[in-house]
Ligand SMILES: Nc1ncnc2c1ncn2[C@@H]1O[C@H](COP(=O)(O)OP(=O)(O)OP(=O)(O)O)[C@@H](O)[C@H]1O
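Given as structure tokens, the chain that follows is alone and in the form predicted alone.
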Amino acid sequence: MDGTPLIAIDNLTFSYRESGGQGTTREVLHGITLDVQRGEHVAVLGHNGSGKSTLAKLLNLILEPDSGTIRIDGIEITDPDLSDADILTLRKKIGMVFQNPDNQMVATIAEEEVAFGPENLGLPSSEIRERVDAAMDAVGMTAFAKKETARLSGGQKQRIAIAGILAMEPECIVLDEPTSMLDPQGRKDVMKVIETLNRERGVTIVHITHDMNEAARAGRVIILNDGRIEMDGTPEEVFSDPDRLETLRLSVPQCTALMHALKKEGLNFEGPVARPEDCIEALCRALGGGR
């Protein structure tokens, strides 16, 4: 590895055209500069309208920036002289999973949905079969291969959507609030898939979310505020200041809020307290019970 970031964003701006505004625009990203390294698991937080989803769509050129650059694996995808073939090649490195899985499903059978991307790459049938089987297994959906997508639960559909992207073998998956429409079990299942892909397969994850508990599972948390990067650090660093987060119209994970409340009552803790398992260990140590 040469140390080149997988994703390098420099001074990125983007504006939406106001409806009925006779050409007026509204800038929603103001000079974003950001690097994402290979193998990172990054959560991106922010209040509604902060620019999270816009940033996600820019990473794969679903939207095109007004100014600034995006480099994928050292190559500038925002270069106007880049050929369509080059852009397609680079886009394959970044897979997108959206909030509503129904919006990206095109097939009626689960395994056919997963096969859609590899088929469009023109791969041999034998390789498509291998990729589909491996992707279905990775998200725990092998038993549902022949099921109609319309009969799957929300969580199962989202796992099939992730499998469809995984079958394209991207280096990075960008997930735009993939659990916001799911029930608790569905959220748990999808988060387990995300963490497994990152930790065991080395897939780079950029997870756009509004859920603080999900963000605490990442290795790095970035907070956008009105189109600018407000905070960037580990979950422990970002969630260490609940008062500051409140000014950004955000909260902290539930377990972290509990630990901060207990600290105010005089109970002292050592170590990180962003994840439930960390909080349990810290609480046991503070109460003298070990683990």
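These numbers were taken from a predicted model, which means no experiment stands behind them. Numbers for residues come from their place in the sequence shown, where the first is 1.
What follows is about the form predicted together with this ligand, which we do not show.
Undergrad: Among the candidate stretches 256-264, 233-241, 65-73, 42-50, which one is within 4.5 Å of this ligand in the predicted bound form when only heavy atoms are counted?
TA: Going through the listed ranges, the match is 42-50.
Undergrad: Pick from 61, 34, 28, 248: which residue has any heavy atom within 4.5 angstroms of this ligand in the predicted bound form?
TA: Only one listed residue qualifies here, and that residue is 28.
Undergrad: Give me the residue from 113, 177, 189, 214 that has a heavy atom within 4.5 Å of this ligand in the predicted bound form.
TA: Here the answer is residue option 177.
Undergrad: According to a 4.5 angstroms non-hydrogen atom cut-off, is residue 220 in contact with this ligand in the predicted bound form?
TA: So residue 220 does not count as contacting this ligand.
Undergrad: I'd like to check something about residue 210: if you look in the predicted bound form, is any of its heavy atoms closer than or equal to 4.5 Å to a heavy atom of this ligand?
TA: Looking in the predicted bound form, residue contacts with this ligand include residue 210, since a heavy atom lies within 4.5 Å.
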